[in-house]
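A single chain, nothing else alongside it, follows as C-alpha cells in the form predicted alone.
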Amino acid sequence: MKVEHIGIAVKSIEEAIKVWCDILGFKLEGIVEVESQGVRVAVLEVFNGVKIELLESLTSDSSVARFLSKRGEGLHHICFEVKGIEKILLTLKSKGIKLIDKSPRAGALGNKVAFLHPSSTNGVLVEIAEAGSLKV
C-alpha cells in the first residue's frame, strides 16, 4: 500500500486554495462534486503522486459537515492505494477491523473506495482506494 491522498475538511475550498495553492505553491488538478456524499472536493498534486483532497460540505448533514461542526477544519482522513480492494476488505474484516463500507463504493474521482472505522485504526478515518482507477 502507498499513501494516495490526505483528506482535509475545510469550510471553504476557495479560501483553502488561497493557502494550499497560492501561498504554499501546490498545483490544483481539479474540483469535483460528489453529490452522493454531499461534498465538493479540490484535488491538489503534492509530490510523487500523493495528493491532498480539500473537502467542503455541500449539505448540512454530510459526514464532512458533521466533522466540521464537531472538530473544526483539519485532517479528515488518510487514503491508501490498494490492489484488489474487495479481497482486502474481506481480509481486514477477518482480522477484526470494523468496516464502514463492507463493499466498495464510488469515490470522488470515479474509483472504488471503502472506509475503515476510526475505532479500529487508532482514531484515524482510513480510506482505501483501488489502484489504477484514480482520475480528476
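In case it trips you up, residue 1 is the first one in the sequence shown, and so on. Keep in mind the model is a prediction, meaning the values are calculated, not measured.
Keep in mind the form predicted together with a further copy of the same chain is missing from the figure; the text below concerns it.
Trainee: Whether Ile23, Phe26 and Arg71 jointly form a contact site for a further copy of the same chain in the model of the complex is the question; each needs a heavy atom within 4.5 Å.
Mentor: Checking in the model of the complex: Ile23, Phe26 and Arg71 are all within 4.5 Å of a further copy of the same chain.
Trainee: Within 4.5 Å of a further copy of the same chain in the model of the complex, heavy atoms considered, which of Ile100, Leu90, Ile31, Ile78?
Mentor: That would be Ile78.
Trainee: Does the 4.5 Å heavy atom contact test between Val46 and a further copy of the same chain in the model of the complex come out positive?
Mentor: Close contact exists here: in the model of the complex, Val46 approaches a further copy of the same chain to within 4.5 Å, heavy atoms only.
Trainee: Even though the partner isn't displayed, in the model of the complex is Val113 close enough to a further copy of the same chain, meaning a heavy atom within 4.5 Å?
Mentor: Although a further copy of the same chain is absent here, Val113 would stay clear of it in the model of the complex, with no heavy atoms inside 4.5 Å.
Trainee: So in the model of the complex, is a further copy of the same chain close enough to Ile52 to count as touching (4.5 Å, heavy atoms)?
Mentor: Taking the distances in the model of the complex, the answer for Ile52 is yes, it comes within 4.5 Å of a further copy of the same chain.
Trainee: Spell out, yes or no, whether the shortest heavy atom distance between Ala129 and a further copy of the same chain in the model of the complex is within 4.5 Å.
Mentor: Taking the distances in the model of the complex, the answer for Ala129 is no, it never comes within 4.5 Å of a further copy of the same chain.
Trainee: Just give me the residues of 89 to 122, first to last, that have a heavy atom within 4.5 Å of a further copy of the same chain in the model of the complex.
Mentor: Contacts from 89 to 122: Leu92, Lys95, Ile97, Leu116, Ser120, Thr121, Asn122.
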